[in-house]
Ligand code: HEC
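This document starts with one chain, in the form predicted on its own, laid out as structure tokens.
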Amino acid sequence: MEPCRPRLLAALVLLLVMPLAPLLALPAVAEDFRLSDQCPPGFEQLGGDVCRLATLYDQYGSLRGRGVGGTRTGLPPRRDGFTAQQIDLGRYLFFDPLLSADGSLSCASCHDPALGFADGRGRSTGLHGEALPRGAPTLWNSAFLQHFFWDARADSLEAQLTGPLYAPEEMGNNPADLLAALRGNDAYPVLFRAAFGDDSGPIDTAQVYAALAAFEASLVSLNSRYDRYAHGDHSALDAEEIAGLNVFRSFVARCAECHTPPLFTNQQVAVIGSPEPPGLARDIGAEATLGSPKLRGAFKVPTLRNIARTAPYMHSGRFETLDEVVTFYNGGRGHAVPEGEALQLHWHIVSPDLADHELEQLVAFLGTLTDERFLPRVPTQVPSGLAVGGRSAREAPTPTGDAP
């Protein structure tokens, strides 16, 4: 601590001798909320405070690696190049209920960092407390995804976020009211200029979408025990977990055909024949997006990253545990499809007939995909003054000592 003392004393002297008038002239909110000029952990800081993700997977060129589910596998293209200030502005927006029509919901209400950036519900609840048709997927590693929503109807982060923002049954807002709320706030015009430049003009929707996309693209999870194993540390997994990885990669179980490392998704849609919760009609999924009857009941293959944190599972939360999920896949091709329902199941859906101990090994392996070391800091307050979003935000296992 000794080397810091002279700088601390100098700063205190400066505060004592400098005129008070310039300080008093600053908007109070500009003193309360400042955007970080440091990139999130895991990102290199380039000129102009531009942030670029750095990962050991960048050393691998192939997207398939060594065989199906190979560990030495490269990553697909990513969203990158946002500035530190844009990412931090997106963080405030993400947790601020000001973005919803009545100030009751934020993005974090359904994508809670304490719950794997999902919400712990089989079917999310919207503005009026009613259950929505589907659950909230995790946002981890969104920077790498090509399609969004369970039915793959959006092809960018910006296109995705307009859905919940403006859907009447979700956040219920509209562009005009959203901009009016942000422009009329004491803090946000200052913060947007800091993120997009003094000549960026009044806040517009493109800036709002870009800031939220910047924050979501910074949510990277690639440092689990599995990843340490993949990069050569064979002590990172125990014998049971390695056996589970071998089952996962095998041509019997074929899990890696769709949940392909290192993202643990192939980014395609697939018809797997998962049953709906009791009382719900068949959700046609990507059939509506692509207009193809062959895709009736097709949904985007989700990432398995942090899967142990995002129960319940499937698009509408049909299964409560990972044991139930692997048991479903082991039950035989089409075993859960109701009689008379014509679904064209994906060809990778087979009848593996795994033994009980192999199912246990699979679940053990899935637990090695948990990595939350780069969880963002949850703000202690947001510029609107409303309660910080996310039902579990104050219990999230993240540092909350930022200012604010």
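Keep in mind that what you see is a predicted model, and the values were worked out from it rather than measured. Position 1 is the first residue in the sequence shown; the rest follow in order.
Keep in mind the form predicted in complex with the ligand is missing from the figure; the text below concerns it.
Checking E170, E241, E287, D227 for any heavy atom within 4.5 Å of the ligand in the predicted bound form turns up a single hit: E170. Between the options A187, L263, L157, L295, the residue in contact with the ligand in the predicted bound form by a heavy atom within 4.5 angstroms is L157.
Heavy atoms of S106 reach within 4.5 Å of the ligand in the predicted bound form, making it an interface residue. Contact annotation: E216 falls within 4.5 Å of the ligand in the predicted bound form, judged by heavy atom distances.
The closest non-hydrogen atom of I349 lies within 4.5 Å of the ligand in the predicted bound form. Not displayed here, the ligand is approached by R153 to within 4.5 Å at the level of heavy atoms in the predicted bound form.
Comment: 138-146 is the region of 189-197, 233-241, 79-87, 138-146 lying near the ligand in the predicted bound form, near meaning a non-hydrogen atom within 4.5 Å.
The candidate spot formed by R91, L98 and A176 is out of contact with the ligand in the predicted bound form: none of the three has a heavy atom within 4.5 Å. Scanning 255-283 for heavy atoms within 4.5 Å of the ligand in the predicted bound form gives C255, C258, H259, A270, I272, S274 in sequence order.
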